[in-house]
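The chain below stands alone and is given in structure tokens; this is the form predicted alone.
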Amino acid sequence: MLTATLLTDFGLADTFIAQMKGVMLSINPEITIVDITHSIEPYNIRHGAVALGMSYKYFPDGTIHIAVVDPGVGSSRRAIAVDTGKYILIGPDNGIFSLIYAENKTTVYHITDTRCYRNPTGATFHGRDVFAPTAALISKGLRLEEVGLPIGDYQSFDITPPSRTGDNTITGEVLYIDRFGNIITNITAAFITGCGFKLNGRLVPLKESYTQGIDGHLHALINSDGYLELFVKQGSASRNVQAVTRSGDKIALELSD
């Protein structure tokens, strides 16, 4: 049974997600739809790209991923379908698939076939009127070569890799901040030595798990994805570190012995 996933910044208070699922199930009642998340920060394409990049590879081969963080809906930005060989990804051409491009050899198609567009197609809801029907039609056998022509000028952005300056300063960036307020960076374990570091002059001890933290104090650990994460035990690191507010913010660490 084919699986399709949804990742959006729509939230759950409105009917947007239900409408998309209704369109998909009307075209292919056999499709299994899985929600990755609908809590991407509104309009934050970078946050959506990171969340998708950290999730897509855990699904079975053949999964269709639909990602809609689309502040440019109704403009000249293109609707695209991306083929990685194992997965198909559908969404706006605004950089939402940047991590997928970085990790895979891909072919990107501009979705132009009229079968992929609901009639009428609204100017404000391409998630329902373009991306959902395209995914459902592909799940029923529509070939990617039929949705439109391949393109090479698709939009993408880079996440600057962490770097070390001198012997003890590491510069990275925030990948995202989760609902617990934990700050996930792109700094990996290979950059961290010793038992802690300083952030903005504050000593941040390195722990192995959340339970080792002291209530109300900022700590760090290497999380299950291999990234350095700042946390406050049963609290919010993002409120504790006010200089860091969102995905893409720079972060500098001074290693300590």
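Note that residue numbering follows the sequence shown and begins at 1. We call the rigid core whatever largest set of C-alpha positions still superposes within 1.5 Å between the two forms. Everything quoted here is computed from the prediction, not taken from an experiment.
Although not depicted, the form predicted in complex with another copy of the chain is the subject of the following passage.
- Against another copy of the chain in the predicted complex, the set 85, 215 and 251 makes no contact: no member has a heavy atom within 4.5 Å.
- The candidate stretches are 125-133, 99-107, 161-169, 139-147, and the one lying within 4.5 Å of another copy of the chain in the predicted complex by heavy atoms is 125-133.
- Using a 4.5 angstroms threshold between heavy atoms, residue 115 stays clear of another copy of the chain in the predicted complex.
- Residue contact check for residue 195: none of its heavy atoms lie within 4.5 Å of another copy of the chain in the predicted complex.
- The shortest heavy atom separation between residue 199 and another copy of the chain in the predicted complex exceeds 4.5 Å.
- Taking non-hydrogen atoms only, residue 19 approaches another copy of the chain to within 4.5 angstroms in the predicted complex.
- Residues 9, 10, 11, 12, 13, 14, 15, 16, 18, 19, 21, 22, 23, 25, 26 are the members of 8-27 with a non-hydrogen atom no more than 4.5 angstroms from another copy of the chain in the predicted complex.
- Shown in the overlay between the shown form and the other one, fitted on the rigid core, is a CA shift at residue 230 of 2 Å or greater.
- Positional change of residue 179 between the shown form and the other one reaches 2 Å or more at the C-alpha, relative to the superposed core.
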